[in-house]
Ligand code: NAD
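This document opens with one chain alone, in structure tokens, the form predicted alone.
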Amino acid sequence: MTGFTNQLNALRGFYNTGATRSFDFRREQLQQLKKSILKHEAALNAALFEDLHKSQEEIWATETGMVLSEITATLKALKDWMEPTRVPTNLINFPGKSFLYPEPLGVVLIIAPWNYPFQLLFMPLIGAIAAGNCIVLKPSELAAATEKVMGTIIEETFNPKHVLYAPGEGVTVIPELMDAFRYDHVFYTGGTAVGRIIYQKAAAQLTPVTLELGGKSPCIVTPNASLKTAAKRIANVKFSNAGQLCVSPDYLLVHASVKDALVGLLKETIVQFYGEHPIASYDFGRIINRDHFNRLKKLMENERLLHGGEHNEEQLFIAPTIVDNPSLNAPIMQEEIFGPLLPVIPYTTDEEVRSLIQQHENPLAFYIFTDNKKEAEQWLQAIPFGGGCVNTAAMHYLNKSLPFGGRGNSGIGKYHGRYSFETFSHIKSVLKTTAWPDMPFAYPPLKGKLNTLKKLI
């Protein structure tokens, strides 16, 4: 505990010097981070393959490429983000001028998961640096090879008084980090159960939080959908990273009239993407560890499988699997799957769909496949969710102009692009005025000035 306390106090001391606040400092840190990532790109590729069997192409698309793109976009916009923004001023404050001033929060804690261990640690880090903070980083120990390479990048790039890397087992390190210090913000990505614990610990010190959680994200396929396209786009996201993706379609709600046709197309698509033997596929990932492998294997028990189901514990492999109409009380429909198992549930009425989704309300993501624009809009308005797509899945996550985050059970707060900068900033409201003119009606005695005040306010 003492070691962390001293290091955390050193972060606070460094922040209080004001060293992190200048544009030049922030720009330099981001530029050096980009150089270090490029320097260690091959090591990151090897580590992510070791941890999750990710191909270099998938790593670029979902890990390193996303992070490098975020750094580039942030560097381009940072000066504008840091500038005070002028906003309208009301009549009673005439001739004053009103501004919004962004300022750093201070010392922030970022806790990342294992499924996208690099991207989900470094994306919020970029926003925290851009906003001028000092940062503590807690990576997931489950992606051990990637954790090691990320440590090399952080430790060779940053002064530990600016960015502190805190690896180790989460059940030990996270409580130590949170009990030893009061942060100005905690940013957590991961499961809801741990998110609740972090929220409770932060609340005890009135520390604001961003919680990027998950849940059971539904995907609706209506009779008006282009089924061949829907099958490709659903399978592409659902089985990416072996289904270990927080914005993956957790289950399909398919109109009964098109269910058989869609299932047939999904089967064809899986074979097209990963071959007859996905265990040999260059593009198909692995489950992170045996605990998660056994959890997913158990979810398949007693279920009717329309495709897949093959598994190999030694290789931590579970094939892309389609599950036919499981009971809503079955474990596979009671918890977030977070693996390559796709339940397909037929429906006949919109009321059935609403009722089912409400059992797992406020999902992180929501997807609707239909070529009927009116139908799509009705569903977007009807279902509360964090973010979503029409006729695709998960791609909203890649747009820096769209804030990413959940609501209710799926999370609190948002980030990406400018939204990351704002998450790690406090926006100060400032009114600037002059000594003249000095309006006498503003001061006591106020008797007889009511009509004037009513007109001005």
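All residue numbers refer to positions in the sequence shown, first residue = 1. None of the values given here were measured: they were computed from a predicted structure.
Heads up, the form predicted in complex with the named molecule isn't pictured, but that's what we're talking about next.
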Lys138 within 4.5 Å of the named molecule in the predicted bound form, heavy atoms: yes
Residue contact check: Leu328 to the named molecule in the predicted bound form, 4.5 Å heavy atom: no
4.5 Å heavy atom contact, Phe404 and the named molecule in the predicted bound form: yes
Partner proximity in the predicted bound form: Glu303 to the named molecule, non-hydrogen atom cutoff 4.5 Å: no
The named molecule in the predicted bound form: contacting segment from 126 to 134, 188 to 196, 90 to 98, 258 to 266, heavy atom within 4.5 Å: 188 to 196
The single option of Asn115, Thr222, Thr74, Thr146 touching the named molecule in the predicted bound form, heavy atom within 4.5 Å: Asn115
Option touching the named molecule, based on a heavy atom within 4.5 Å in the predicted bound form, out of Leu177, Ile322, Leu364, Leu299: Leu364
